[in-house]
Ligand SMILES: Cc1cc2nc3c(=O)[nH]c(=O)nc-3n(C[C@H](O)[C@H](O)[C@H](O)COP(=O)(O)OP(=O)(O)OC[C@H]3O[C@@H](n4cnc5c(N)ncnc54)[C@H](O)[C@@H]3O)c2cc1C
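Presented as structure tokens, the chain that follows is alone, the form predicted alone.
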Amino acid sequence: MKTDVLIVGCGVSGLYCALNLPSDKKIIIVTKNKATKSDSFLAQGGICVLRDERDYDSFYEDTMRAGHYENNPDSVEIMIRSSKEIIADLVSFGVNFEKNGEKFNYTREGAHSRPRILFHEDETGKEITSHLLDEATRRRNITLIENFTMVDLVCENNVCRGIIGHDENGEYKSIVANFTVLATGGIGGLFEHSTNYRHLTGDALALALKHNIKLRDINYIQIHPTTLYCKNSGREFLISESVRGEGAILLNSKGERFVNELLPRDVVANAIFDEMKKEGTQHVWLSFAPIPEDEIKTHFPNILEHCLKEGYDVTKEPIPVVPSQHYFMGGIDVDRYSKTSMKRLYAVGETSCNGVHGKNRLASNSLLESLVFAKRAARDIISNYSTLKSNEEVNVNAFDYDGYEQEYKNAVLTAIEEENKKDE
């Protein structure tokens, strides 16, 4: 197959990048699973926005402090300054954020100095991503291919020409493109306990290692403090940060509060681990008691419903929670336009690292960052657009991918371990 722009992944960053490209360009989006099985659909809490100019300094400082001041200041400024434009775009696509009359409602989450987070119940990611997906499927220049797994990049002389992958039947195919955008999400599938979908296994990182594409901070992995504790294996159910932002408190086995719930995620997670170790328990408790019952039912209906299915009524009792791997702050190193160290190759969303999050992501900055830098990638592709030579072909038979999946997973885990040793 040949196309003008190839996007690997159909979460918010991949979809939004496609929607910001011209209608006269042919775009192919491939995704490893079904289009609705991206982590973007799972985002609960919301999306940050700069409320007004008076909010800028505190928004900037909150992001930097949460990231332990290892953030890229330029990236942070770009993200914050672009936020209102992004929200306006989302509203134009039909995204319905919670309002009080004509004005937006804002909620607050951990490490935020004030409420600045827009939300739709407790399914903000689903609300945003579903509207972007609907718009992408309506556009004639965009082709979406599900159940297509990328196994390698097609490249020579540090220039990306597309990818090689296989469909659900195991048939290998090449897709040649003038520009390629990697939007493959996080690395939760590499961990036993994670809030991510299991098929998100850091494929783009493995290929970056293989082709000497620059990586950054790949050992910066965020543990979310509160996921519902259960003994079943599989994806952990996230209990949104905004639950604590609205007043929920953490308790030990004696019913005692042991931490300020609005501290940055890594601080809260470490406090939970310490409490579990001290008490010899496998979880702590999260109490919704400070939140009015009506607010629980309107703001957190899906969390309420899921917990009821697991045998817990959050309006009447605390629920058991445990930290789980949640987000990846590191990734493929990109500049302010999401360009990688390989020509004609971009990376956006969680698989990329522009330094905006530093060592620890501030709550609800993920959707915003993904959208801001996906749009910047699209604009840069437009400004640098050129075509490939018509006689360039790719010989798929030249590649052998037996056992690639485990090999690639091991490569990513080894690289993370080596980076941890350097830091130690």
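Quick caveat, the model's predicted, so the values are computed rather than measured. The first residue of the shown sequence is 1; numbering continues from there.
This next part talks about the form predicted together with the ligand, which is not shown.
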Check your understanding: Which listed residue (M150, V314, A206, V76) meets the criterion of a heavy atom within 4.5 Å of the ligand in the model of the complex?
Key -> M150
Review point. Just one of T340, S324, N196, T180 has a heavy atom within 4.5 angstroms of the ligand in the model of the complex, so which one?
Key: N196
Check your understanding: With the partner removed from view, which of 94-102, 273-281, 301-309, 180-188 is the stretch that lies within 4.5 Å of the ligand in the model of the complex, judged by heavy atom distances?
Key -> 180-188
Review point. Given that the partner is absent here, does V30 sit within 4.5 Å of the ligand in the model of the complex, heavy atoms only?
Key: yes
Practice item. May I ask you to check whether K37 falls inside a 4.5 Å heavy atom distance of the ligand in the model of the complex? Key: yes
Review point. Going by a heavy atom distance of 4.5 Å, is C10 a contact of the ligand in the model of the complex?
Key: yes
Exercise for review: Would you please decide whether R361 lies within 4.5 angstroms of the ligand in the model of the complex, comparing each non-hydrogen atom pair?
Suggested key: yes
Review point. So in the model of the complex, are L90, L132 and A378 all sitting within 4.5 Å of the ligand, heavy atoms only?
Key: no
Study note, to complete from the structure: Restricting to 37-62, the residues within 4.5 Å of the ligand in the model of the complex through any heavy atom are K37, S38, D39, S40, L42, A43, Q44, G45, G46
